[in-house]
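Just one chain is shown here, as structure tokens, and it is the form predicted alone.
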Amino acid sequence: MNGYRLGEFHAFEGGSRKYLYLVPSGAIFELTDLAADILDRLRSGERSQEELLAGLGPDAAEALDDLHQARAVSNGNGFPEPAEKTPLPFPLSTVVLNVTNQCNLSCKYCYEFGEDRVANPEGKAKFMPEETAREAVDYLLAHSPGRRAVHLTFFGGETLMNFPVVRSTIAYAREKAHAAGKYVDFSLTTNATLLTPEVIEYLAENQVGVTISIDGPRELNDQLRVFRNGRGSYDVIAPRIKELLARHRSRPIGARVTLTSQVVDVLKIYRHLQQDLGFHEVGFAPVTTSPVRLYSIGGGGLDIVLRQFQVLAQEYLEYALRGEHHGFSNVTDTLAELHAGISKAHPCGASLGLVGVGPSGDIAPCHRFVDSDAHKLGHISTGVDPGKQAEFLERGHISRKLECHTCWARPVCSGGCYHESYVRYGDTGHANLHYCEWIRGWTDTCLRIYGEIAARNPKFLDHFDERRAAA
């Protein structure tokens, strides 16, 4: 037999326990003292079984076998194996309906209308007709075999500029889903400018999930989230958001913040949105843009963001140990993936379980590529072109991203967002190399948080199982 050597993993500690994050499986393995001793012996290089087990006692062979089964150590028999390609066709779970490509704001960083846009909507429908939306519902139900629940998300532009179609589509989808023996969940994203009492009442009564795009208190939000005349949007949206939060209690309401070079005060933003306005969850994402834009976050800015994320993550841990909810969704989302042992061959579900549909009925890999002719996968009336879908997925597969093959964080990243890759590098299959250190730092933080929770309040992790079962 060949000698043993270390496998591919990332070691971390939490709650005075030692763990391994196993690559490429994405599993978390708790180390016994004996297993840790075996790994320590391998850090200096390959060893035979006899050398490894010498003097470690009668249980050492079983501990070594456990490490080998977990692939924390290798004996030269050929792993790690390459990630398998996803079989097609793959059942849909989500359709994002861009019910309009129009917006009443003029946010300077907007990926749909800004300097880095990939969409070319000229000559196409500006507002999705009711008939197209219904075709999209039929498509979702027909192409989701085996799914007991499916998701319909309404998007824009500004979604509520086409509220009549949102409302009629929800009624139609409920009727069709019931006939098909499925449950359909609804959500939408809005800039909150059009949240009238009528709209709020409808969203609450129909249990529609809502995400509000907002970048913090007035002085930060109004840096870039402005009307066409340059006027800030905060004073318009704040009272409407408060009314929504007071009335709509059937679903948690979340805020989505875009971080830019002008807006990086994560702690101040979080405190305002969660404590002052009352959002249940707040999530942050750096702006997607070319590095030459004035609002692009440079390397130093990302370090500032990470340090503040880590402060909130520690606060999240304190809440979790008490069994309490904390609204920092970036931690929740990462912990959920770590708990599920997810190892991604692709960065996300774009073109797999999820597609975006534009106002014209064109199908895109996700909502960020809607109205981009270069990324069109098909039309809602004729379906997805299997060749284009396969080419998109093959290009974005982790096996194609050679820079990722030595990165321990690739199970949670798989190279990063397709849209980010295209804007930054001109290729949806390019790894997001500018985020590598950030991703590793953030993943390590979340692993340590997970380890602490697993050691000190493991019951808290049950809600991740419940969340997955409800998805």
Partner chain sequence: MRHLRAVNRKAVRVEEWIAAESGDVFALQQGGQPQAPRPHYPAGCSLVFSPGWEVDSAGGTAGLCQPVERDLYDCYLTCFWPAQVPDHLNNYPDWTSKCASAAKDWRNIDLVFP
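For the two forms, the rigid core is made up of the largest set of C-alpha atoms that agree within 1.5 Å on superposition. Positions refer to the first chain, counted from 1. Keep in mind it's a predicted model, so treat the numbers as computed, not measured.
The same protein has a further form, the form predicted together with its partner chain, not shown here; the description that follows concerns it.
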| property | result |
| --- | --- |
| Partner proximity in the model of the complex: residue 29 to its partner chain, non-hydrogen atom cutoff 4.5 Å | yes |
| Touches its partner chain in the model of the complex: residue 433 (any heavy atom, 4.5 Å) | no |
| 4.5 angstroms heavy atom contact with its partner chain in the model of the complex for residue 454 | yes |
| Its partner chain contact in the model of the complex: residue 10, any heavy atom under 4.5 Å | no |
| Joint contact, 106, 234 and 293 to its partner chain in the model of the complex, by non-hydrogen atom at 4.5 Å | no |
| Contact assignment for its partner chain in the model of the complex, among 346, 248, 401, 339, heavy atom within 4.5 Å | 339 |
| The single option of 46, 66, 437, 444 touching its partner chain in the model of the complex, heavy atom within 4.5 Å | 66 |
| Region of this chain that lies against its partner chain in the model of the complex, out of 32-40, 401-409, 47-55, 417-425 [heavy atom, 4.5 Å] | 32-40 |
| CA of residue 53, rigid core aligned, shift of 2 Å or more between the shown form and the other one | yes |
